[in-house]
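Before any questions on binding or motion, here is one chain by itself as C-alpha cells, the form predicted on its own.
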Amino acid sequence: MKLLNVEQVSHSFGITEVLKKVNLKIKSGQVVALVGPSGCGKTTLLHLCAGLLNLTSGHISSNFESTAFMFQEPRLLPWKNAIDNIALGLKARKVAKKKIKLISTEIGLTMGLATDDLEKFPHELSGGMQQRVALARALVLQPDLLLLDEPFSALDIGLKTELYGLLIEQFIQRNAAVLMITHDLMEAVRLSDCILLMASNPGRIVKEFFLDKSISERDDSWVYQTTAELIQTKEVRNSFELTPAIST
C-alpha cells in the first residue's frame, strides 16, 4: 500500500515554534484536508511533506512514486505560453517532443482550456485560466500524490465548483492521494475523506473528522448540513476563535 507517513514532526523558524509533534497518514485513493486558522503551520507542514523545507525534528516517509505540488498562486513562467508551462514536467523527464505536445494538449483541453488558450502567455489569461494551466501542469505527470496549497482560494464559486469536479474526476479514476490545505471548512467537506483540524501557537492537529459519504455522491445539501454541524463543534470553534455555540 502506498503511504505518506508523518510522525512526530516539529518545526521552528528561529525561536518561533511553528509545528509541534504533528502526526498524519495518507494512503492511495484518500483525500485529506488540513484545516485551520492563518498562522497555524499548514503551509509549513505541506512544504515539509514536499521536501521544500529541511526536516529538523520527526520523520516523514513516502513510497508514492510521483508527487506534484500546486501552489496558491499559479506561478507560471511568464516567458512561456500555456502549453509550454503545462509541459515543463514532461520536458524534465525527457519525453519525446511529439508526445509532449499530444499529452499537454489533451490535459489542457480536459481542464477546460480552448485550443487557442494553449498558445497564450500567462498575462493574456484570466486568473481562472491561469489556475487551469497550473492544475494541468500538476496533473500532466499523472502523480499518485498531489499536494495542494489553497489553489482555489482566489476563485469565484462557479469556477471553484468546476475545478473541484475536474480534480475529483482525475483522482478517482487513478486512485491517487491528495493532501490539501484550506481555510475553507466547506471546501474540505466537499472534497476530502478526512479533515485534520489544526490549532495555532504552536501548530498542531487537535481533531480528526472522518466523512463517510463518497465524495462523488455529495450534493450541496449534504455539504451545507455537514459543514454547519462541524462549525458547531467546540474544537472547530476554539481553533478559529469563534464565540461558543448557542445551545438549543
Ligand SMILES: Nc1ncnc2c1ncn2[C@@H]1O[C@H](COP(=O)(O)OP(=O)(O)OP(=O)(O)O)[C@@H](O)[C@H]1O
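None of the values given here were measured: they were computed from a predicted structure. When you see a residue number, it is the position in the sequence shown, counting from 1.
Not pictured, yet referred to below: the form predicted in complex with the named molecule.
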| said: Can you tell me whether the pocket in this form is open or blocked when the named molecule is overlaid from where it sits in the model of the complex, based on ligand atoms within 2.4 Å of backbone or C-beta (3 or more = blocked)? | reply: open
| said: Within 4.5 Å, heavy atoms only: does residue 221 come near the named molecule in the model of the complex? | reply: no
| request: Tell me, yes or no, whether residue 9 is in contact with the named molecule in the model of the complex, where a contact means a heavy atom of each within 4.5 Å. | output: no
| said: With a cut-off of 4.5 Å between heavy atoms, is residue 44 one of the residues that contacts the named molecule in the model of the complex? | reply: yes
| Could you tell me if residue 150 has a non-hydrogen atom within 4.5 Å of the named molecule in the model of the complex? | yes
| query | Hey, of 55 to 63, 36 to 44, 188 to 196, 205 to 213, which bit sits against the named molecule in the model of the complex at 4.5 Å between non-hydrogen atoms? | reply | 36 to 44
| message | When the named molecule is placed as it is in the model of the complex, are 13, 72 and 183 each within 4.5 Å of it, taking any non-hydrogen atom of the residue? | response | yes
| request: Between 212 to 226 and the named molecule in the model of the complex, list the residues on our side with a heavy atom within 4.5 Å. | output: none
